[in-house]
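We begin with a single chain expressed as structure tokens, specifically the form predicted alone.
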């Protein structure tokens, strides 16, 4: 046993609670002691759900262990059915209750309830939360949809002429990272392609919806950690194929569209939706000096970690220096991806091991979970969250998907802006001697009059326009007004490569960078400003 402050995944019964909470009319009776009711807070406090999870705890105490805990469980089941009237019931034990070796499934069957009962056997000391969610969803699908499965060998009937192709979205659960918004984004994308989304499961599905999953033409697996096992069973018993591409990033979204068009039997040249992502153009327009080749460390669940590595390298121009996951069930997939980037995969659920790796690699950006957010903060590295486990700030009120074309825009904003904030701070350091950037200056949007500059600050220089290179070169050797207290300075000539480098500086500070560099060159009697002069000036004013 290992004691820890943080953990990437809870016990498997928490995964079962994520599925039960996502479903509409299903109740979960959990054989558990009083202390295990903490799990309610994950949904009401972190995800901000407006209702308690549909879970009844037996909440046995120490004094009950000498009595009949089995009868206690049966009483809890009967009372939960009478009170909530669900259309299906899940029964299981928490990690603590597993030790007293009652049989929740057998006890519930003995009650002969008039609804389907799904017994869950989740080995709490060998498996974890995502496995628990996957196993629960699989057992729910198998129990509720199984009676409608055709006889083995029966060919799947063809879609009626003129009927619209349809699919199910599988995988989104309660407490999932941006699941709510991903469902909205992918549903809109499929509808624009002419594909009907029949059922989203388990998020928002009823017991009857689960029973009719086999009616759709194919399944879209959004989160393999949760839905791949159930999708495989539906393929074997109903002949439903399922998607393999996870639509995170622009390229993957286009590949996903091609895959669903093929599964739906639609022409491959079906027009793409109009709302293409701004992410590709934004990525190309970002200052390459500061972003291209940035070293990034990625850690999360397997689906998001692999997708993030692909987007970071192929769409952002970053360099992956570390890639890992806590999802041991998908360790092989992550290892294969890591080989592609020439790094060794980190497979661990020990956050201290992850922290040591981040400190060793010195990345310039960390893409990880809530754990890595804290690790990066301690190490002073920019970070963006890409995967569960998450905290309250990762359930925003706004629309913020990770998948589809809009999801690509969100990735650009959340990954690049932390780096740009670093750039901004760097520029503020570089120009901190300027009248607008001294320590006592007010925010620029409040105007210069909000706080007067200190008396020791230098007088403002005459504004030199940020004009094209040809015009600027023509002014070489001209004399311009220097700062108020200084003698006029002679402007040196800009070399073409230095002029080109100057254009990479953001426009809102480019004029100041030009004036400071020209002043730096004049004070040293330099006739020509080269790239080295530009960076020497940058270092000089940055001290």
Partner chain sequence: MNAVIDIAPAPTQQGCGDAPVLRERGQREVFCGLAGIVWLHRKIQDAFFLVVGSRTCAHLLQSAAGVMIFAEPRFATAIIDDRDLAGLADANAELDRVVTRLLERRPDIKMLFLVGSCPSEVIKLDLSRAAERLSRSFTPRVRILSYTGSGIDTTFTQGEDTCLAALVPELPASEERALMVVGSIADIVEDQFRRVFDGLGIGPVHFFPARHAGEMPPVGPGTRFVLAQPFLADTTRALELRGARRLAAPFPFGAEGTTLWLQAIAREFQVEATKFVSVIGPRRERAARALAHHRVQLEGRKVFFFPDSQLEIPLARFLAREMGMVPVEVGTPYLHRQLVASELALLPAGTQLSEGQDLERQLDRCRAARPDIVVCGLGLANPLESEGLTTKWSIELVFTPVHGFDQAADLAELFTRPLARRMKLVA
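Numbering follows the first chain given and starts at 1. All values derive from a computational prediction rather than experimental measurement.
There is also a form predicted in complex with its partner chain; it is not shown, and the following applies to it.
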*Using heavy atoms and a 4.5 Å limit, would one call residue 225 a contact residue for its partner chain in the predicted bound form?*
no
*Does its partner chain come within 4.5 Å of any heavy atom of residue 292 in the predicted bound form?*
no
*Is residue 501 close enough to its partner chain in the predicted bound form to count, meaning some heavy atom within 4.5 Å?*
no
*For residue 357, is any heavy atom within 4.5 Å of its partner chain in the predicted bound form, or not?*
no
_Can you tell me which of 80-88, 300-308, 403-411, 358-366 lies within 4.5 Å of its partner chain in the predicted bound form, counting heavy atoms only?_
80-88
*Among 149, 115, 352, 331, which has any heavy atom within 4.5 Å of its partner chain in the predicted bound form?*
352
*Could you check which residue among 371, 383, 183, 174 gets a heavy atom within 4.5 Å of its partner chain in the predicted bound form?*
371
*Would you give me the residues of 71-110 that have any heavy atom within 4.5 Å of its partner chain in the predicted bound form, in order from first to last?*
83, 84, 95, 96, 99, 100
